[in-house]
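What follows is one chain in structure tokens, specifically the form predicted on its own.
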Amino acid sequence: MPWKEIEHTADVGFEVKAASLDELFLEAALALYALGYGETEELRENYEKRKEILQIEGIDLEELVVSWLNELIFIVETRHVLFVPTSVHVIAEPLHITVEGVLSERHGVRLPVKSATYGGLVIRRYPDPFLRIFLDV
């Protein structure tokens, strides 16, 4: 598993290590879903066939990853489905991500997640992409 849950006194967090920024953002989405909704195994099997594309902008990697995870939380809360990324592309100029994905039924809530936060946030591109982030629950 490329991500692991980390302890926090009030919130919940996770760390992700990946071979690329694209993989880092993809795994961050799966970690969010595993912690918040307890679902990762069936995501790719239980989805609508219609593809959707998201584009998220950021002034730096910190803003980009927080906006990315908060967009996923927004989709869950407003549309009651999980947006399962099938391909993620991080583009440097101007900094943004383009994500293709499909919608998957949400079956339950393990831990209600309000938002991704900047507190304790660490994201780096080199030497290997790494993310540590906490979620407000």
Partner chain sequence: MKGSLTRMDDVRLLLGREAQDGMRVPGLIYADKYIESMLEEENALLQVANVACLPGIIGYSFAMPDIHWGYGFPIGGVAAFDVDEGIISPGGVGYDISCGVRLLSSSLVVTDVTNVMDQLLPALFSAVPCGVGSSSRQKLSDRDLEKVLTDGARWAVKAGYGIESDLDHTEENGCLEGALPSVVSNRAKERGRTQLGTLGSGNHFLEIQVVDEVFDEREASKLGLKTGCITVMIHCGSRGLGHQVCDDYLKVMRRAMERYHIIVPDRQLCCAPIKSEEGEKYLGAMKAAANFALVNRHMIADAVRHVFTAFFPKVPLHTVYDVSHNIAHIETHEWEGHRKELCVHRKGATRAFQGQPVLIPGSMGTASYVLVGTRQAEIETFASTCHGAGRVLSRNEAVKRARGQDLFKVLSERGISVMAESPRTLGEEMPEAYKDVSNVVDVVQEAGISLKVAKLRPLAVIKG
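Positions refer to the first chain, counted from 1. It should be emphasised that the depicted structure is a prediction, and the values quoted were computed from it without experimental measurement.
The following text describes the form predicted in complex with the partner chain, which does not appear among the structures shown.
Participant: Indicate whether residue 135 is a 4.5 Å heavy atom neighbour of the partner chain in the predicted complex.
Facilitator: The answer is yes: residue 135 has a heavy atom within 4.5 Å of the partner chain.
Participant: I'd like to check something about residue 110: if you look in the predicted complex, is any of its heavy atoms closer than or equal to 4.5 Å to a heavy atom of the partner chain?
Facilitator: Within the cut-off, so yes.
Participant: Quick check on residue 66: any heavy atom within 4.5 Å of the partner chain in the predicted complex?
Facilitator: Yes, residue 66 is a contact residue.
Participant: Quick one: does residue 70 come within 4.5 Å of the partner chain in the predicted complex, counting heavy atoms only?
Facilitator: Taking the distances in the predicted complex, the answer for residue 70 is yes, it comes within 4.5 Å of the partner chain.
Participant: Any residue of 8-31 with a heavy atom within 4.5 Å of the partner chain in the predicted complex counts; write them all down in order.
Facilitator: 8, 9, 10, 11 sit within 4.5 Å of the partner.
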